[in-house]
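Have a look below at one chain only, the form predicted on its own, in structure tokens format.
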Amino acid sequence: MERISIELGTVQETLLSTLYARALETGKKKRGLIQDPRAVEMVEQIDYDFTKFVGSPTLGASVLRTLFYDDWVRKFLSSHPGGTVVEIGAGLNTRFERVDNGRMHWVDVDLPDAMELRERFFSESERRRLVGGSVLDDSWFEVVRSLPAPYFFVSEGVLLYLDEADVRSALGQLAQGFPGSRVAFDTAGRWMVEHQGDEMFVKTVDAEYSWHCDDPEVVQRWDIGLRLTESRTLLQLPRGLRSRLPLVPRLALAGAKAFYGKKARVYMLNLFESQPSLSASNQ
């Protein structure tokens, strides 16, 4: 099999870490928290030194994050089976394959170099679109609007690399462009952003977080049209998801929760609903 060579920007390179995390977890078979055979196939095909990620504590964290977002998307689809999910910064994620109910619609959005790589492995279909674009522009909005509402936007590990002004602008245009939609994204507190280079995080790529947010309710107070509906740490798994974990990971999660306590709040997963305000619409 001919291996696929790649050229990615610094931030885009992080998609390889999350890909490897899912492949590694899949290799655990019965003990794995996620089964993603496509991730295993892609790791085998891409010409890249994935061993640089071995031992990084961010691998397990990214798997838990993926499980969280999968759970939120499944809940959305259980209420809106024909709705549309938009993956912003899709990378080489396989969420479509993991949650497909046979009726939903999907839009994968990522920067041109990342989308070029994604198109080596995934194809468009009647219910799926692949679009090159940025969370900072609205060039892809019409593609989304051509598919059935309501909409669920997932931005996993993307906004952290932007500065606050860009985050505010990107979220504001989403809220105004798609009222009544759900928007899920992660936030990192000041401490985590300032210490991201510490040895404990075993940094494996040069990309750095820029935006820090100690309290996700700050986004709601920006008055850009987003209302916070749920916010959790990686250790606060939803009950249904926690019950599906094997015994050993479940015990390890309980131990980590007891050890880290409130410190775990330096990294949060958040679910918002867009409710454009009068002041936001006048901006």
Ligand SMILES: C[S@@+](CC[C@H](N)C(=O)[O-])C[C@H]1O[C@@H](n2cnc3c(N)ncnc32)[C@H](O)[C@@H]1O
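Just count from 1 along the sequence shown to find any residue number. Please read these numbers as outputs of a predicted model, since none were measured by experiment.
In what follows, reference is made to the form predicted in complex with this ligand, a form of this protein that is not presented.
Asker: Can you say which of 71 to 79, 174 to 182, 153 to 161, 188 to 196 gets within 4.5 Å of this ligand in the predicted bound form, counting heavy atoms only?
Answerer: Looking at the other structure, the answer is 153 to 161.
Asker: Check for me whether this ligand, as it appears in the predicted bound form, comes within 4.5 angstroms of all of M104, R129 and R145 - heavy atoms only.
Answerer: Not one of the three qualifies.
Asker: In the predicted bound form, does N93 have a heavy atom within 4.5 Å of this ligand?
Answerer: Output for N93 is yes: heavy atoms within 4.5 Å of this ligand.
Asker: Does this ligand come within 4.5 Å of any heavy atom of T14 in the predicted bound form?
Answerer: Yes, T14 lies within 4.5 Å of this ligand in the predicted bound form.
Asker: Going by a heavy atom distance of 4.5 Å, is D108 a contact of this ligand in the predicted bound form?
Answerer: Close contact is absent here: in the predicted bound form, D108 is far from this ligand, nothing within 4.5 Å, heavy atoms only.
Asker: Given that the partner is absent here, does S169 sit within 4.5 Å of this ligand in the predicted bound form, heavy atoms only?
Answerer: Although this ligand is absent here, S169 would stay clear of it in the predicted bound form, with no heavy atoms inside 4.5 Å.
Asker: Under the 4.5 Å heavy atom criterion, name the residues of 131 to 158 that approach this ligand in the predicted bound form, in sequence order.
Answerer: In sequence order, G133, S134, V135, L136, E156, G157, V158 come within 4.5 Å of the partner.
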